[in-house]
Structures are given as structure tokens and as C-alpha cells.
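One chain is shown next in C-alpha cells, namely the form predicted on its own.
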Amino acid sequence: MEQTLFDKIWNDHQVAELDDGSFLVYIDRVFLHERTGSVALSSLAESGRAVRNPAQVFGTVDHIIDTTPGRSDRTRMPGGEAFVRAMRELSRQAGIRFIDIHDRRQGISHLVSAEQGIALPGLTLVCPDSHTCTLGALGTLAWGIGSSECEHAMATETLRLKKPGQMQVRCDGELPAGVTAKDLALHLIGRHSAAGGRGFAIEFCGSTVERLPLAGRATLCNMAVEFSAFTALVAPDEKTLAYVEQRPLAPAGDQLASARQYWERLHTDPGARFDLQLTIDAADVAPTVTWGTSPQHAVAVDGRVPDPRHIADEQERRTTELAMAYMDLAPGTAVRDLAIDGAFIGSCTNSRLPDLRAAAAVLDGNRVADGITAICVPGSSAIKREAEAEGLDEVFRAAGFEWRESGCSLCFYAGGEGFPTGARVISSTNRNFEGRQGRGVRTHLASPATVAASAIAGRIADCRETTARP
């Protein structure tokens, strides 16, 4: 029988079908971070249970740790140091593999999982973070869970799940100049709404996706949760296998040959059926930004804020009005006319080396506009070192950006650091909810190149119109 990529991985991990129609699924890897991982480990210990297979559980510090140079255990969140220290001690007691603050491998959970080979094609991986689906870019079946589910996964190596429906999102053609995977993701959500993927595991495919670097595929899969999907996948290809074979925890020797045989069959069979299929023409995608408080409030960079009077659905109209009030916008406002106070490049969505290169190409020879707070936070310590080896840090600093240590940082205010109240910010992150980057902060989502161009202009700008100065 023809199977989808999701079917193949699911069936390989299905332990049992239960009476209520749910399934018991085997979990290969669990990844923890200090904000919720310490809670899960503590609760598990207090219940008298142990981690069943410590070698398959990993942890790091990323969510609330300070990203300013010279950092230690300190955080911007009151009492946050206790989470860091608890994570360190509980990891030691449980015998799991922990990557601490000054470890060369430290970084945002999902980036570390990929860099170290913790995530591999065909594995299942869970983490108490909603953007765990990022790792679907490698063909890993990965999704975010809660702390109690995390305890169950560590204690039993299984989770109880309802099998989601399956959606195929096909994009064909070549993306226009200046258009990236982030623009494609926002275009998808803007067209089909933030609830468009609810209840589905998504497979991204098509010639456009095949052309994307792994970093771009990671951005697509990362944003699937903003589409309300359960998870997202991209079938592994030679690009994927060349990457994963070089990872520290990848199989080696005869095991690698066997693993490669398995990885090469991880694709959707011709004729396999999906519950829903969506198609996108790459030529229709432009540099895209959000104007409101949901990723679905997305328009091309030369677009305008909508007029609620033209929205027939009452609930959507009211939601639009509320978003406009929070963002302090009037109907018909040109997005490119919006002056900004801050610019942020980072997060598990857009902080990989190709993201930093794209932003640096725009910044090179230019300066951030007066009065703009501009910050760049590489996604991992490894990426930071690679960027510095290429001199990208010098480009960012010369342009007026702060160059930080790796971590989640200003992606979300829960870490304790935010932009000033009422600031308008353009950000390469994944969420623009009210207060996401600080109390009253108005966040516009965009690609790293668009963020860089906007920082230079002092307003939301089209990256295709910003060139390096001699």
C-alpha cells in the first residue's frame, strides 16, 4: 500500500492501538530546556520515577538565559537563575546529556538537536517547546509537548497520541529575488489563516522546497505551528543526508550504511493519499511582513493594512479591529510607511548561518538609522563561531547592531528582556502576539533581509531596494 512519509515514520514507531482510537508511539529522543525541563525532571523525581533511557534524553539552556556578552547564570527574569541551576543539577542526577551555558555546543534547543545529530531522519523527537516541529526539515517526526507529557516520555519512552490528519503543501517554481522561506511561510498563513493547518501533519514538497537550503526548510517547518499544525516534515534528500552524516551523534561505519538505506526510503510513495492538499506558485510570493497580532495578518511589503468594513465575517472583523487598535494602525495604511523603533534578528525561526549571511549582505556598507535599537542573536554557539570566522559579526557591528551570545533572547518577553513599552519592532521571529516582545510592544514579522533593510531605513522597507554601499 502506498504510504506518505508521515505514515512510514508513524508506523515504524507505533507500539499499540488503544481502545479509544489513540495510539501508543515510541519516542526516540527527548530534548529539554531550562524553562520547563527542570520542572519535568523535578516532578519525575518527586514521583519516584527515573528516566528510563538517560542516553536518549538531552538538555540545554536557551530560553531564559541572558544573551549579552560575559553572561553567567544570570537571567533577566526574576528568579530565573533558579531554573538554570535546577536544570544543571537535575540533569546530573538523572544522568542525561546536558549542554551548559559555556559549552561550545550550547544554543537554541532545535538548532542544537540538528547540529549534534540528536535529530535524524526517521526518528521521533519531542521537546516541551511548540517549535520542535522545526526538526521536520531533516525528516524527523518532531513535535512540542507539555511538561506532564515530557515526564511520561522520559519515564516510558512512549506517548499516547491521536493520529493527526495529513496535509500536503506543494510549492513549485523559483522564488523571486529577495524572497525567502520566511516569506513563503507568511504567505501561506496569510492566505489560509493561522488555523489552516489545524489537526494536520504537513509535508512540504515541490521544486521550490527542494531548492531551499536546510535552513530554509527549517524555517518552513518551524512556522507550521503558527499554521496550527501538529507538525511538519520535508522528505530527506541528498542535501539532508550529506548534512546529517557529518553530525557528532550520527551513525558511523556499518551503522551509517544501514541508516542510509533506511533514510533513502523516507519519502511519500507515488499515489499516497493526503486528507488535504494546498498548492502555491513560488512566483506569487513577495517579501512579506505582518501588520497585526497574528501571523495570518500578513501582506506583501508594498501592501496595506486592511479595512475591517470590507470583512464579511463578524468574528474576523472584530479580531481585525482589535489587532489594529493594539498596533495603532488605521485602515489602508501602507506597511512601508511605518516607522520602527527596533529590529531583531534571531530565534529558532531565522538565526542560522544563511539567515545571518542574508542580513549581512543587506547591511554591508550601510548604517542602522538613528534611534533604532538593533540586535542580532545567533541561534547557537556553533553558528556564532562560524559567522565570526566569516567576519559577519564585523558587518553587523559596523552597521550598528548589537552582536549577542546564542539563545532565545528577545523572541519572547517571558525571558525577562523586552523592547520598551509601545515600541514598534520588526523581527525575524515567529510570533507577533500582544506583548510577545515586551508589554505593549508592536511586533512585525519578516525575513532577516527585510529586518536588516528596515533597520537601515528606520521604517519597514523592501530588502530588494537596499544595496550595499561602496
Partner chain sequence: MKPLRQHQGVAVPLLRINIDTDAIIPSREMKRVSKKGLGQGLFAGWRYRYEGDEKVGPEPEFALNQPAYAGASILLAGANFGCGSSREHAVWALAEYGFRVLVAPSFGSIFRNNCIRNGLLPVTLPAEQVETLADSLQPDPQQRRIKVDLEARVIETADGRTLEFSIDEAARKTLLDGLDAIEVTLRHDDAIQAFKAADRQRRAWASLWPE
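What you see is a predicted model; the values in this text were computed from it and never measured. Numbering follows the first chain given and starts at 1.
Note that the form predicted in complex with the partner chain isn't included here; everything after this is about it.
Checked against the partner chain in the model of the complex, the candidates 165, 354, 173, 144 yield a single residue with a heavy atom inside 4.5 Å, and that residue is 144. In summary, among the residues 361, 329, 86, 369, the only one with a non-hydrogen atom within 4.5 Å of the partner chain in the model of the complex is 86. Heavy atoms within 4.5 Å of the partner chain in the model of the complex belong, among the stretches 289-297, 236-244, 384-392, 333-341, to residues of 289-297. Among heavy atoms of residue 216, none comes within 4.5 Å of the partner chain in the model of the complex. Under a 4.5 angstroms non-hydrogen atom cutoff, the partner chain in the model of the complex lacks residue 373 among its neighbouring residues.
The partner chain in the model of the complex is approached by residue 149, whose closest heavy atom lies within 4.5 angstroms of it. When the partner chain is considered in the model of the complex, residue 68 lies well away from it, no heavy atom lying within 4.5 Å. Three-residue candidate spot 191, 284 and 396; no residue lies within 4.5 angstroms of the partner chain in the model of the complex by any non-hydrogen atom.
Residues from 149-171 that approach the partner chain in the model of the complex with a non-hydrogen atom closer than or equal to 4.5 Å are 149, 151, 152, 155, 156, 157, 158, 160, 162, in the order they occur in the chain.
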